[in-house]
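Shown below, as structure tokens, is a lone chain in the form predicted on its own; questions about how it binds or moves come after it.
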Amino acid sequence: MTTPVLETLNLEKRFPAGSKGLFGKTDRWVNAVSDVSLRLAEGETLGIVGESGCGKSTTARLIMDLVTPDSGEILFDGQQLHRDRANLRAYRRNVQMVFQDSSASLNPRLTLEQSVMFAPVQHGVPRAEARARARELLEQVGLDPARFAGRYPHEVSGGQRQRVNIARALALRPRVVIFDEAVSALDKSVEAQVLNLLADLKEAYKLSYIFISHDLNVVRHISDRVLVMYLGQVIEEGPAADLYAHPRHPYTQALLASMPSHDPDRRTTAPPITGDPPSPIDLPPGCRFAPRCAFASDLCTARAPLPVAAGRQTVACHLADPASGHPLLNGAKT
């Protein structure tokens, strides 16, 4: 197996919940990310899906080192990321991120051209070269520099602002771009244009993507592999075509069953999943999905499942492990 361009090993992150115990120490913690490991191959698009609060965005911020993990490692080209100034500076030239809120991501006092050229200038690129690069990238994302270079963020639409954010992310010529709900605020026609743009840019610049979204149809359209998160953990991962055709984890099955269908004969008449996720402050014992799972047994509440191979997928569920002893495995199908 070739070395992935980006890899995380056992990332963990907790945030203080606000209450203070003895001697002013925090005694309650929000378990945002737990033991998350992922691999991103060169030229691949990895989709990450899950309900709100499952840890998708925190994982992205950990990868970008906008948030420092409590434990775990980040590797780029097989080399561990060291958090000194020089290493982080080099790392962020290669790994960039596009956020959901296109307005908040841009400085209202900078023109679109200035926003795109800002990072190259800060990294030592001469201003004339940075300006030329900014204009080239604006052209690449479908914004004519003659019309848009001198405009300010409030003078363009949301879709156009997001195109500027994409151009800005590419200004340092990275190898990896992380998209955190980057198209969720756009209407469907603009979303389709941006997704087509991302496909073209990936091919033109030989990029690798991590694409985070709650929209399962979008993730299926753009991703080579998909990683499913629940309550801070990875519960299933595999090639997009396999995972969508044959979801193995009950949570993944429920997620896909909740997708809207245009076929009136395939309408969902019963909720595929009920209840809310448990509190990330007070996690249930065993499998975190067990309180909402129709197949949960005493085994599920007693012992957390370990990831096992199921075809080309990896699944953290006792039902996917023939040796787990789950009572439904005798003749049961998953």
Ligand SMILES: Nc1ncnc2c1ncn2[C@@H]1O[C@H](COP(=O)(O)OP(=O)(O)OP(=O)(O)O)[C@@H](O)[C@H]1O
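Source: prediction; values computed, not measured. Just count from 1 along the sequence shown to find any residue number.
Heads up, the form predicted in complex with the named molecule isn't pictured, but that's what we're talking about next.
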item	value
Position in contact with the named molecule when the complex is considered in the model of the complex, options 36, 32, 46, 63, heavy atoms within 4.5 Å	32
Listed residue that, although the named molecule is not shown, lies within 4.5 Å of it in the model of the complex (heavy atoms), from 284, 69, 53, 307	53
Non-hydrogen atom contact residue 181 with the named molecule in the model of the complex at 4.5 angstroms	yes
Contact flag, residue 311 vs the named molecule in the model of the complex, heavy atom cut 4.5 Å	no
Contact label in the model of the complex: residue 325 to the named molecule, heavy atom within 4.5 Å	no
4.5 Å heavy atom contact, residue 280 to the named molecule in the model of the complex	yes
